[in-house]
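Just one chain follows, in the form predicted alone, and it is written as C-alpha cells.
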C-alpha cells in the first residue's frame, strides 16, 4: 500500500496529490527541485513546472554545469566508456575521487587489458594525476603518477610541456612532467577521465585545451564521469523538451534559462520561491535551504527531514521498484532497466500525473 502523509499524518495517495496541487497552484513562484528521477519522472516534472509556471532544478546541477559551462564557451572532445575500453592505448585519470564517483570504473575501462581495437595491440599506459594512495593501485599495470595537491597546477604544467613551453618547477618535477607529456603525445588514441568533485570549470577548460593541443598531432578525447541521481538523463530530457538544461523557468509563460536566477537554493533563500516539490527517488538527499517554505516531497521511505514536509509520498526506486529509462555511465547513453525488485511503490511520474489531475488549466 502506498504510504503518503499530509502534515505528518497518514493520508491516501489521492488526498496527498490534491493537497500538493493546492500548494503548488497557490504559489507565486513554485519550484520543482531535486529532480532525482528517471526519464519518465523528468518529463512529468518539467511538464508540471510548465503548467504551474514554475522553475525546475536538479540537485546535482552545480556538478553538471562545471562541464557544461566550458562546453558552451569552448567546445569539447568526448567519447564513451566502451570506446575508451576498446581503443584507448593511453588513459589519463585525474583525481582521487574517480573510483568513488564510479565504483565500477576500473572494471569497465579495464586499464590492464590490451585494447582490442588498437592496431599495435600493446598493453595500454595509465597516467594518474593526484590519485591518492589507494586509487593508483591497478592490478597488472604500472601506473605513472603525478602526486599533486593542486591538479590545476599539474594540468597547466602538463599542457605547457606538451606545447614545448617552459615551466617554473624543480628538475625532478620537470622530468616527471616531460615523461608524461611524451606519453600523451605518443598516444594513438588517448582518453582523459575526470569527475566533477575535484575539478572546477577553470581546470576543465585547461584540460580541454590540453586535449585540443594533443589533437593537432594525434587523437585524444575526454570522458567526464558526470553526476549521480540521473543528472545526465534529466539534462537530456530537459534539452529535448525546452531546448535548455536545468535551472529553467516558465514564470513568464515560456522557458527561460539562467544558471544563477533559477538556482533552486537561491530562489528559496532569497524568498522568491514560495513552494517547492522536492524529488529524490535515488537516495536520501534532502534540501539544505536556509528558509522553510511549503514543501511536497517524493522520496523513498528511509529519507529523514529536519522539518516534516507538508505533503510526503514514498516513491519507488527507478530500476529497482519499477522499470525505468535512465542515463547509464557504463555506456554513456540512456538505457532501459528492468525492475530488480518489483514492488507496488509508485513511480515519480505516476505521482506527478495524479498531482497534475488536480490542477485545472494553468495555475
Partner chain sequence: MLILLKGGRIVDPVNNRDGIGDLWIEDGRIVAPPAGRQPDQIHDVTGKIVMAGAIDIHSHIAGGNVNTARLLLPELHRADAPLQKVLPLASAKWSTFETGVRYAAMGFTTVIEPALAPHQALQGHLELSDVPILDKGALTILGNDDFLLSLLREGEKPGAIADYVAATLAATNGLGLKTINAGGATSFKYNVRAFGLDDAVPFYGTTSRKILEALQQAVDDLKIPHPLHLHANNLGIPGNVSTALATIEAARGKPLHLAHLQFYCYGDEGDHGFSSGAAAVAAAVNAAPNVTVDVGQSMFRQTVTISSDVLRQFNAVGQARPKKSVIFDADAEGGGVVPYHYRETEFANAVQWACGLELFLLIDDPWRVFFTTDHPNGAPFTTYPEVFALLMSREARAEAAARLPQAALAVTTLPSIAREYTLNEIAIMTRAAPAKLLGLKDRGHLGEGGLADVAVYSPDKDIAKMFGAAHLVFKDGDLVVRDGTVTHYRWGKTLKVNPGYDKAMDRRLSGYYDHHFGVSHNMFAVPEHILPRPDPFQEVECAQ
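Positions refer to the first chain, counted from 1. Keep in mind the model is a prediction, meaning the values are calculated, not measured.
The protein also exists as the form predicted together with its partner chain; that form is not presented, and the subsequent description refers to it.
Proximity to its partner chain in the predicted bound form, defined as a heavy atom within 4.5 Å, holds among 169, 217, 201, 144 only for 217.
A heavy atom within 4.5 Å of its partner chain in the predicted bound form is found for exactly one of 243, 103, 140, 271: 243. Every residue of the trio 189, 221 and 334 has some heavy atom no more than 4.5 Å from its partner chain in the predicted bound form.
At least one heavy atom of residue 79 is located within 4.5 Å of its partner chain in the predicted bound form.
The closest non-hydrogen atom of residue 235 lies within 4.5 Å of its partner chain in the predicted bound form. In the predicted bound form, its partner chain sits beyond 4.5 Å of every heavy atom of residue 288. Using a 4.5 angstroms threshold between heavy atoms, residue 73 counts as touching its partner chain in the predicted bound form.
Stretch 116-124 is the answer when you ask which of 146-154, 176-184, 275-283, 116-124 has residues with heavy atoms within 4.5 Å of its partner chain in the predicted bound form. Shown here without its partner chain, the chain has 80, 82, 83, 85, 86, 87 in 80-96 lying with a heavy atom within 4.5 Å of that partner in the predicted bound form.
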